[in-house]
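Below you'll find only one chain, the form predicted alone, shown as C-alpha coordinates.
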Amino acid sequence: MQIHRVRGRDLRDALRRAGEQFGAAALLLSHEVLPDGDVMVAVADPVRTIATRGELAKPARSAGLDDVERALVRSGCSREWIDAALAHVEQSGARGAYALDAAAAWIGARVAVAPGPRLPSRDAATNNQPCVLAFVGPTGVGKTTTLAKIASRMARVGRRVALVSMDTQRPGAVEQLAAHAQAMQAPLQVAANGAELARLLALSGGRDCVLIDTTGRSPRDAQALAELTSSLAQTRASLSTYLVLSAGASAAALAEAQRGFASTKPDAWIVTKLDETRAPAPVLEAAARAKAPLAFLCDGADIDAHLERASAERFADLFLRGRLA
(Lines give C-alpha, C1' and ligand atoms only; values in the text may rest on other atoms or scores of the structure.)
Protein backbone atom coordinates (compact mmCIF):
# COMPACT_ATOMS: atom_id res chain seq x y z
CA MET A 1 0.00 0.00 0.00
CA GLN A 2 0.98 3.60 -0.47
CA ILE A 3 0.21 6.09 2.29
CA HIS A 4 -0.86 9.63 1.40
CA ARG A 5 -1.49 12.67 3.57
CA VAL A 6 -4.23 15.13 2.69
CA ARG A 7 -4.94 18.44 4.43
CA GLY A 8 -8.34 20.07 4.90
CA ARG A 9 -10.10 22.80 6.84
CA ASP A 10 -11.64 20.17 9.06
CA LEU A 11 -11.98 16.36 9.13
CA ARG A 12 -14.90 16.29 6.70
CA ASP A 13 -13.11 18.54 4.23
CA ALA A 14 -9.90 16.48 4.47
CA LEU A 15 -11.82 13.24 3.86
CA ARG A 16 -13.63 14.78 0.88
CA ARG A 17 -10.34 15.82 -0.68
CA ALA A 18 -8.83 12.40 -0.05
CA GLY A 19 -11.80 10.77 -1.74
CA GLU A 20 -11.47 13.03 -4.77
CA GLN A 21 -7.79 12.21 -5.14
CA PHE A 22 -7.71 8.51 -4.32
CA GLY A 23 -11.29 7.29 -4.70
CA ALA A 24 -13.91 6.03 -2.31
CA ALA A 25 -11.81 2.94 -1.60
CA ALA A 26 -9.11 4.99 0.16
CA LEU A 27 -8.65 3.77 3.75
CA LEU A 28 -8.40 6.24 6.62
CA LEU A 29 -5.39 5.34 8.78
CA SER A 30 -5.17 8.34 11.13
CA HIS A 31 -5.87 12.03 11.47
CA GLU A 32 -4.45 14.92 13.48
CA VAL A 33 -5.32 18.53 14.17
CA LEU A 34 -2.60 20.91 13.05
CA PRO A 35 -1.54 24.06 15.05
CA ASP A 36 -3.47 26.33 12.67
CA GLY A 37 -6.69 24.34 13.14
CA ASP A 38 -6.54 22.40 9.83
CA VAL A 39 -6.81 18.62 9.87
CA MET A 40 -4.31 16.24 8.25
CA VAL A 41 -5.49 12.74 7.39
CA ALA A 42 -3.33 9.77 6.41
CA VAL A 43 -4.99 7.45 3.89
CA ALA A 44 -3.89 4.30 2.11
CA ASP A 45 -4.70 3.60 -1.53
CA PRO A 46 -5.32 -0.18 -1.66
CA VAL A 47 -5.65 -0.38 -5.46
CA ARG A 48 -2.03 0.66 -6.08
CA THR A 49 0.99 -1.48 -5.37
CA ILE A 50 4.59 -0.52 -4.95
CA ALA A 51 6.20 -0.07 -8.38
CA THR A 52 8.81 -2.65 -9.26
CA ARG A 53 11.71 -2.50 -11.66
CA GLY A 54 11.13 1.20 -12.13
CA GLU A 55 7.67 0.75 -13.71
CA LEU A 56 4.61 2.68 -12.64
CA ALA A 57 2.19 0.73 -10.51
CA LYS A 58 -1.09 -0.35 -12.10
CA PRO A 59 -4.53 -0.40 -10.51
CA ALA A 60 -5.76 -3.80 -9.41
CA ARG A 61 -8.50 -5.25 -11.60
CA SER A 62 -11.81 -6.84 -10.91
CA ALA A 63 -11.66 -10.62 -11.00
CA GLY A 64 -12.09 -12.00 -14.51
CA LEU A 65 -10.87 -8.98 -16.48
CA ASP A 66 -7.44 -10.51 -17.07
CA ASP A 67 -9.07 -13.60 -18.58
CA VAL A 68 -11.13 -11.45 -20.93
CA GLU A 69 -8.11 -9.43 -22.02
CA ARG A 70 -5.96 -12.51 -22.65
CA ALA A 71 -8.67 -14.07 -24.80
CA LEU A 72 -9.16 -10.92 -26.87
CA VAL A 73 -5.42 -10.45 -27.38
CA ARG A 74 -5.08 -14.05 -28.59
CA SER A 75 -7.87 -13.58 -31.16
CA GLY A 76 -6.15 -10.52 -32.66
CA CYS A 77 -8.40 -7.79 -31.28
CA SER A 78 -7.35 -4.19 -31.63
CA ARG A 79 -6.49 -2.25 -28.48
CA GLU A 80 -9.54 -0.09 -29.05
CA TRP A 81 -11.87 -3.10 -28.92
CA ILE A 82 -10.10 -4.64 -25.96
CA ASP A 83 -10.40 -1.44 -23.92
CA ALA A 84 -14.06 -1.02 -24.86
CA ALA A 85 -14.86 -4.62 -23.92
CA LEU A 86 -13.05 -4.36 -20.58
CA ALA A 87 -14.83 -1.10 -19.78
CA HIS A 88 -18.20 -2.74 -20.47
CA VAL A 89 -17.40 -5.74 -18.29
CA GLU A 90 -16.19 -3.46 -15.49
CA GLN A 91 -19.35 -1.36 -15.66
CA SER A 92 -21.57 -4.45 -15.76
CA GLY A 93 -20.28 -5.58 -12.39
CA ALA A 94 -19.63 -9.11 -13.70
CA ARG A 95 -16.86 -10.90 -11.83
CA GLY A 96 -14.91 -14.13 -12.17
CA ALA A 97 -16.24 -16.52 -14.82
CA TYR A 98 -19.19 -14.20 -15.39
CA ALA A 99 -16.81 -11.60 -16.83
CA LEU A 100 -16.42 -13.76 -19.95
CA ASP A 101 -20.21 -14.01 -20.24
CA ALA A 102 -20.52 -10.23 -20.05
CA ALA A 103 -17.82 -9.82 -22.70
CA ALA A 104 -19.58 -12.36 -24.95
CA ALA A 105 -22.86 -10.46 -24.71
CA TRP A 106 -21.14 -7.17 -25.56
CA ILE A 107 -19.32 -8.72 -28.53
CA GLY A 108 -22.47 -10.38 -29.87
CA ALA A 109 -24.21 -7.04 -30.02
CA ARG A 110 -21.39 -5.32 -31.92
CA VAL A 111 -21.59 -7.38 -35.16
CA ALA A 112 -24.78 -7.55 -37.21
CA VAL A 113 -26.33 -10.79 -38.47
CA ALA A 114 -27.69 -10.88 -42.02
CA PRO A 115 -31.03 -12.56 -42.72
CA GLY A 116 -30.97 -15.82 -44.63
CA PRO A 117 -31.53 -15.95 -48.40
CA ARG A 118 -35.15 -15.20 -49.28
CA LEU A 119 -36.27 -18.26 -51.16
CA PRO A 120 -39.62 -18.27 -52.98
CA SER A 121 -42.64 -20.20 -51.79
CA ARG A 122 -42.60 -23.95 -52.30
CA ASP A 123 -46.05 -23.74 -53.86
CA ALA A 124 -45.55 -25.09 -57.39
CA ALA A 125 -48.66 -23.28 -58.59
CA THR A 126 -47.02 -19.89 -58.08
CA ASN A 127 -44.66 -18.47 -60.67
CA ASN A 128 -42.15 -17.04 -58.22
CA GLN A 129 -38.92 -15.48 -59.36
CA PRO A 130 -35.85 -17.28 -58.02
CA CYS A 131 -33.61 -15.94 -55.30
CA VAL A 132 -30.39 -14.80 -57.00
CA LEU A 133 -27.11 -14.74 -55.04
CA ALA A 134 -23.84 -13.39 -56.44
CA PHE A 135 -20.51 -14.09 -54.74
CA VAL A 136 -17.75 -11.48 -55.14
CA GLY A 137 -14.39 -10.94 -53.51
CA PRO A 138 -10.61 -10.97 -53.86
CA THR A 139 -8.78 -13.88 -55.43
CA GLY A 140 -8.21 -16.98 -53.34
CA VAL A 141 -10.79 -16.37 -50.61
CA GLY A 142 -12.89 -19.45 -51.43
CA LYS A 143 -15.87 -18.03 -53.31
CA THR A 144 -16.49 -21.15 -55.41
CA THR A 145 -16.31 -23.52 -52.43
CA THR A 146 -18.54 -21.28 -50.34
CA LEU A 147 -21.12 -21.06 -53.13
CA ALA A 148 -21.09 -24.87 -53.42
CA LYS A 149 -21.65 -25.23 -49.66
CA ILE A 150 -24.71 -22.98 -49.69
CA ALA A 151 -26.11 -24.56 -52.86
CA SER A 152 -25.61 -28.06 -51.45
CA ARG A 153 -27.43 -27.18 -48.25
CA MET A 154 -30.38 -25.85 -50.27
CA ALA A 155 -30.44 -28.92 -52.51
CA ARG A 156 -30.43 -31.27 -49.50
CA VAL A 157 -33.70 -29.76 -48.26
CA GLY A 158 -35.35 -30.13 -51.65
CA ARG A 159 -34.75 -26.71 -53.13
CA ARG A 160 -34.22 -26.44 -56.89
CA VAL A 161 -30.92 -24.66 -57.40
CA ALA A 162 -29.01 -23.62 -60.51
CA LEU A 163 -25.40 -22.46 -60.77
CA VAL A 164 -23.89 -19.85 -63.06
CA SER A 165 -20.15 -19.33 -63.50
CA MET A 166 -18.76 -16.00 -64.61
CA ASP A 167 -15.26 -17.13 -63.65
CA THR A 168 -14.06 -17.76 -67.20
CA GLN A 169 -10.48 -16.57 -66.59
CA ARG A 170 -9.16 -18.80 -63.82
CA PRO A 171 -7.98 -22.18 -65.19
CA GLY A 172 -10.20 -25.01 -63.99
CA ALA A 173 -12.75 -22.72 -62.33
CA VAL A 174 -15.71 -23.87 -64.44
CA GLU A 175 -14.65 -27.52 -64.09
CA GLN A 176 -14.47 -27.15 -60.31
CA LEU A 177 -17.98 -25.75 -60.14
CA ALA A 178 -19.22 -28.37 -62.63
CA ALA A 179 -18.10 -31.14 -60.28
CA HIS A 180 -20.10 -29.59 -57.46
CA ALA A 181 -23.13 -29.11 -59.73
CA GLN A 182 -23.02 -32.76 -60.78
CA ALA A 183 -22.85 -33.93 -57.16
CA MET A 184 -26.03 -32.04 -56.28
CA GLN A 185 -27.70 -32.69 -59.66
CA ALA A 186 -27.99 -28.98 -60.42
CA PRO A 187 -27.65 -27.36 -63.84
CA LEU A 188 -24.59 -25.20 -64.52
CA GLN A 189 -24.42 -22.41 -67.09
CA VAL A 190 -21.54 -20.11 -68.06
CA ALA A 191 -21.96 -16.37 -68.63
CA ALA A 192 -19.09 -14.38 -70.09
CA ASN A 193 -20.70 -10.97 -69.54
CA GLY A 194 -23.66 -9.14 -68.08
CA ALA A 195 -25.86 -9.61 -71.12
CA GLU A 196 -25.43 -13.39 -71.04
CA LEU A 197 -26.04 -13.42 -67.30
CA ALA A 198 -29.29 -11.47 -67.71
CA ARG A 199 -30.45 -13.89 -70.41
CA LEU A 200 -29.74 -16.94 -68.26
CA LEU A 201 -31.53 -15.47 -65.27
CA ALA A 202 -34.56 -14.67 -67.43
CA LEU A 203 -34.81 -18.38 -68.25
CA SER A 204 -34.48 -19.60 -64.64
CA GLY A 205 -38.06 -19.12 -63.50
CA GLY A 206 -38.41 -22.78 -62.54
CA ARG A 207 -35.65 -22.57 -59.94
CA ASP A 208 -35.77 -21.57 -56.29
CA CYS A 209 -32.28 -20.08 -56.25
CA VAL A 210 -29.57 -19.20 -58.76
CA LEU A 211 -26.04 -18.83 -57.37
CA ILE A 212 -23.49 -16.86 -59.40
CA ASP A 213 -19.75 -17.46 -59.11
CA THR A 214 -17.63 -14.49 -60.22
CA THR A 215 -13.96 -14.14 -61.04
CA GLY A 216 -11.75 -13.11 -58.14
CA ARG A 217 -10.64 -9.51 -58.50
CA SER A 218 -7.88 -7.45 -57.02
CA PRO A 219 -9.36 -4.59 -54.99
CA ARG A 220 -6.87 -2.35 -56.80
CA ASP A 221 -8.07 -3.30 -60.31
CA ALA A 222 -10.55 -0.49 -60.86
CA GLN A 223 -11.35 -1.49 -64.44
CA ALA A 224 -12.08 -5.13 -63.61
CA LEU A 225 -14.26 -4.11 -60.68
CA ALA A 226 -16.16 -1.64 -62.86
CA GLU A 227 -16.83 -4.43 -65.39
CA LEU A 228 -18.02 -6.75 -62.63
CA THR A 229 -20.33 -4.10 -61.21
CA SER A 230 -21.72 -3.37 -64.67
CA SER A 231 -22.35 -7.06 -65.36
CA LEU A 232 -24.27 -7.57 -62.14
CA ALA A 233 -26.23 -4.36 -62.71
CA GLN A 234 -27.54 -5.66 -66.05
CA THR A 235 -29.60 -8.37 -64.37
CA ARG A 236 -33.26 -7.63 -63.83
CA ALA A 237 -33.48 -10.17 -61.06
CA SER A 238 -33.71 -9.34 -57.39
CA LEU A 239 -30.00 -9.80 -56.77
CA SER A 240 -28.27 -10.20 -53.40
CA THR A 241 -24.50 -9.85 -53.35
CA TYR A 242 -22.19 -11.51 -50.84
CA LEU A 243 -18.67 -10.17 -50.31
CA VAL A 244 -16.46 -13.14 -49.41
CA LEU A 245 -13.41 -12.40 -47.26
CA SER A 246 -10.72 -14.52 -45.64
CA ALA A 247 -10.40 -14.59 -41.85
CA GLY A 248 -6.62 -14.61 -42.27
CA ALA A 249 -6.46 -11.29 -44.12
CA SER A 250 -4.75 -8.34 -42.45
CA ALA A 251 -6.68 -5.29 -41.34
CA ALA A 252 -5.14 -3.31 -44.19
CA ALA A 253 -6.13 -5.92 -46.79
CA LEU A 254 -9.66 -6.06 -45.42
CA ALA A 255 -10.03 -2.29 -45.61
CA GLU A 256 -8.76 -2.32 -49.19
CA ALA A 257 -11.20 -5.08 -50.17
CA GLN A 258 -14.08 -3.22 -48.58
CA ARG A 259 -13.26 -0.08 -50.57
CA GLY A 260 -12.61 -1.95 -53.80
CA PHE A 261 -15.84 -3.96 -53.81
CA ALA A 262 -18.06 -1.18 -52.48
CA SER A 263 -19.34 -0.54 -56.02
CA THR A 264 -20.93 -4.02 -56.09
CA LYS A 265 -23.08 -2.95 -53.12
CA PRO A 266 -22.70 -6.09 -50.99
CA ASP A 267 -25.76 -6.97 -48.96
CA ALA A 268 -23.71 -9.03 -46.50
CA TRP A 269 -20.28 -10.52 -45.90
CA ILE A 270 -19.18 -14.15 -45.69
CA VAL A 271 -16.05 -15.01 -43.70
CA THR A 272 -14.02 -18.00 -44.88
CA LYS A 273 -10.86 -19.86 -43.83
CA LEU A 274 -11.61 -19.64 -40.12
CA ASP A 275 -9.79 -22.95 -39.75
CA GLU A 276 -6.56 -21.34 -40.95
CA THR A 277 -6.20 -18.75 -38.18
CA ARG A 278 -6.64 -18.42 -34.44
CA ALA A 279 -6.80 -14.63 -34.72
CA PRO A 280 -10.05 -13.94 -36.64
CA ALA A 281 -10.97 -10.74 -34.79
CA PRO A 282 -9.75 -8.26 -37.47
CA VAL A 283 -12.32 -9.35 -40.08
CA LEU A 284 -15.14 -9.24 -37.52
CA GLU A 285 -14.06 -5.80 -36.33
CA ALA A 286 -13.96 -4.66 -39.96
CA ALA A 287 -17.53 -5.84 -40.45
CA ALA A 288 -18.64 -4.02 -37.32
CA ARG A 289 -16.97 -0.77 -38.38
CA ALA A 290 -18.46 -1.03 -41.86
CA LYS A 291 -21.88 -1.90 -40.38
CA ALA A 292 -21.88 -4.87 -42.75
CA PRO A 293 -24.00 -7.81 -41.60
CA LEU A 294 -22.42 -11.25 -41.70
CA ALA A 295 -24.35 -14.08 -43.35
CA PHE A 296 -22.17 -17.19 -43.15
CA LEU A 297 -18.98 -18.43 -41.49
CA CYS A 298 -16.78 -21.12 -43.06
CA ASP A 299 -14.20 -23.08 -41.08
CA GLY A 300 -13.02 -25.74 -43.52
CA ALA A 301 -13.26 -27.15 -47.03
CA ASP A 302 -15.88 -29.86 -46.43
CA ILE A 303 -18.87 -28.97 -48.63
CA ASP A 304 -21.38 -30.67 -46.35
CA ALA A 305 -20.01 -29.67 -42.96
CA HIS A 306 -17.97 -26.49 -42.75
CA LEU A 307 -20.66 -23.83 -43.13
CA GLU A 308 -22.36 -22.02 -40.25
CA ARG A 309 -24.99 -19.34 -40.17
CA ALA A 310 -23.66 -16.23 -38.49
CA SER A 311 -24.95 -15.54 -34.98
CA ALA A 312 -24.08 -13.47 -31.92
CA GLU A 313 -23.00 -16.64 -30.09
CA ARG A 314 -20.60 -17.61 -32.88
CA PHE A 315 -19.12 -14.10 -32.97
CA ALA A 316 -18.41 -14.37 -29.25
CA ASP A 317 -16.74 -17.76 -29.75
CA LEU A 318 -14.46 -16.33 -32.43
CA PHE A 319 -13.44 -13.35 -30.30
CA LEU A 320 -12.99 -15.23 -27.04
CA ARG A 321 -11.83 -18.66 -28.29
CA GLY A 322 -10.39 -17.80 -31.68
CA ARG A 323 -12.54 -20.49 -33.31
CA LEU A 324 -16.10 -21.71 -33.66
CA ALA A 325 -17.21 -23.91 -30.77
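Counting begins at 1, following the sequence as shown. Here the structure is a predicted model, which is why all the values come from computation and not from measurement.
Unshown form predicted together with a small molecule; subsequent notes refer to it.
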**Prompt:** Since exactly one of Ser231, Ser165, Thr145, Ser75 fits, which has a heavy atom within 4.5 Å of the small molecule in the predicted bound form?
**Reply:** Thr145
**Fill in**
Assert contact residue (the small molecule, in the predicted bound form, non-hydrogen atom within 4.5 Å, options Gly93, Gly96, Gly206, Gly140) equals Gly140
**Message:** Partner absent here, but in the predicted bound form, which of 145-153, 232-240, 189-197, 102-110 has residues with a heavy atom within 4.5 Å of the small molecule?
**Reply:** 145-153
**Prompt:** Can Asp267 be called a contact residue for the small molecule in the predicted bound form at 4.5 Å between heavy atoms?
**Reply:** no
**Partner proximity in the predicted bound form: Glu32 to the small molecule, non-hydrogen atom cutoff 4.5 Å** = no
**Asked** Hey, in the predicted bound form, does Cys298 get a heavy atom within 4.5 angstroms of the small molecule?
**Response** yes
**Asked** According to a 4.5 angstroms non-hydrogen atom cut-off, is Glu276 in contact with the small molecule in the predicted bound form?
**Response** yes
